[in-house]
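One chain follows as structure tokens, the form predicted alone.
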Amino acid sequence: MHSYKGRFEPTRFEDLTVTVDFHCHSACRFCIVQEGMNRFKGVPFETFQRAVDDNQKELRYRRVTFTGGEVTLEARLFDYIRHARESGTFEHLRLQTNGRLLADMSFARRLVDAGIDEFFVSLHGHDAETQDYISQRPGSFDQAMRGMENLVSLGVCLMTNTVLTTLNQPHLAQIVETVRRFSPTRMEFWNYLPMEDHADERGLISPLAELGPSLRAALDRAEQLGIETAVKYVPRCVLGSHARAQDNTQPDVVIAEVFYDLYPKFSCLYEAKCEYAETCLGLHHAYIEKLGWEPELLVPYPRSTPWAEPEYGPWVGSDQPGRGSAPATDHPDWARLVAGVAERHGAQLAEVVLQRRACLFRFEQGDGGVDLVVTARSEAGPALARSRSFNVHYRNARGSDTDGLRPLVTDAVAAIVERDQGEMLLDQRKGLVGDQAVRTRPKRSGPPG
């Protein structure tokens, strides 16, 4: 059974991120999609249309984020923006960008006029020398600076993102100083994830003994300036007094599905001892292979509840800048599918866990219980039952009388089949799969030479 850390499911379900293209005019030395650049396809406009049309029915997403590659290079970007805006279903339209083309005020204003109200701008160096070296493009720092100046003058929400590597680790607090004049709503710091260079031959993985103090200094300075921060993929205990800044959640992403096949796995030596084991990913395996488990640096927070192997990722409600994370919901529309079933069998519906591709109903009965899982309907493969929208399965029957759970399962399955009117949807795969995700390269007309 795969743990949450091994699966890395998206967990912020009110946000949809769409990978529009895989082109970029920078060549960042740490780029996690470098291998896929100019190889993978972005999400076709027609696929995006279906996702938006689905959202008009389900109202599951409050925000859509357009990303790449470098999304501002996409010729049809404004078609994507227009369709999202005209759907009337999104409260916010966000652009994730290196900010270089935003140095052109007319282009920046055109994006804002089209409906983009949030900009997530990458900045990986505190000065031109560092940023231009990382991006391998002279002038990229100055362009990003002018771009952010333009966004401030246009009055939109500005956030920044910095990927933490050995190339900028000594200068993180200086990056905060560099952007302070723009008063960003939030600064995010994402630890480098090697998706190709697993042996770290590029020397980009920053040891926690060096990264920790530098990152804490940056977080200190941001706090002094009143700038909200978020940190991803750094162990919580390394953040000191800024532990609450850790946020490993991700939105629902429409992307070539092979991307997630390449995503790093995470582990922690103290997982079973730490209060935050369910949300702190620990160390990625490439770090562990190179630098070890860091037993002297990582300090587990004492648990207040017994630890159990996590099976399903947590649900986190919001990415609203300045508001933090909203509490998890009880998913009442989904709970109605099995309403009354638990009570008829002296049991209780302990939890409803909604994920992108599945919804789990956790029943507790006596000293045990059972989980009922619905996935998107498919005729391929076995299922306990099929309703209009779903394949229904059960798993994790537990306790001293698992045979006694049969009436509960039978009743719950019947309720789902009866109440599913075909209006609630789960996705099997939103992104492109297999050959459809890869650009076709022209064949040579003759022998190489």
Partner chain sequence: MTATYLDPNVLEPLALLPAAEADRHFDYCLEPYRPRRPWSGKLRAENLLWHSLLVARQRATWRALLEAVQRHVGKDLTVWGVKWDGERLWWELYFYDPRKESARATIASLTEALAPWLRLGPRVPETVPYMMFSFDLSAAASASGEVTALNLYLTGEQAHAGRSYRVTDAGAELENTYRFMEPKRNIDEVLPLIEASVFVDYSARERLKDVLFPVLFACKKVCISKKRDRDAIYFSGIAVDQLLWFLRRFAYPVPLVSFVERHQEQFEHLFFDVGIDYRTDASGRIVYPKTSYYGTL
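On a predicted model such as this, the values are computed, not experimentally measured, just so you know. Residue numbers count along the first chain shown, from 1. Each form is matched to the other, and the largest set of C-alpha atoms that superpose within 1.5 Å is called the rigid core.
One more form of this protein, predicted in complex with its partner chain, exists but is not displayed; see below.
Heavy atoms within 4.5 Å of its partner chain in the predicted complex are found in one stretch of 391 to 399, 57 to 65, 407 to 415, 42 to 50, which is 391 to 399. Within this chain, residue 199 is remote from the site of its partner chain in the predicted complex, having no heavy atom within 4.5 Å. Though the partner is left out of this view, residue 299 does not reach within 4.5 Å of its partner chain in the predicted complex, counting heavy atoms only. Its partner chain in the predicted complex comes within 4.5 Å of no heavy atom belonging to residue 89. In the predicted complex, residue 267 approaches its partner chain with a heavy atom inside 4.5 Å.
This chain is displayed alone, yet in the predicted complex one of 210, 333, 129, 289 has a heavy atom within 4.5 Å of its partner chain; that residue is 289. With the partner removed from view, the residue among 273, 216, 171, 83 that has a non-hydrogen atom within 4.5 Å of its partner chain in the predicted complex turns out to be 273.
Taking its partner chain as positioned in the predicted complex, none of the residues of 185 to 207 brings a heavy atom within 4.5 Å of it. For residue 159, the Cα coordinates differ by under 2 angstroms between the shown form and the other one after the core has been superposed.
Positional change of residue 400 between the shown form and the other one reaches 2 Å or more at the C-alpha, relative to the superposed core. After superposing the rigid core, the Cα of residue 373 is displaced by 2 Å or more between the shown form and the other one.
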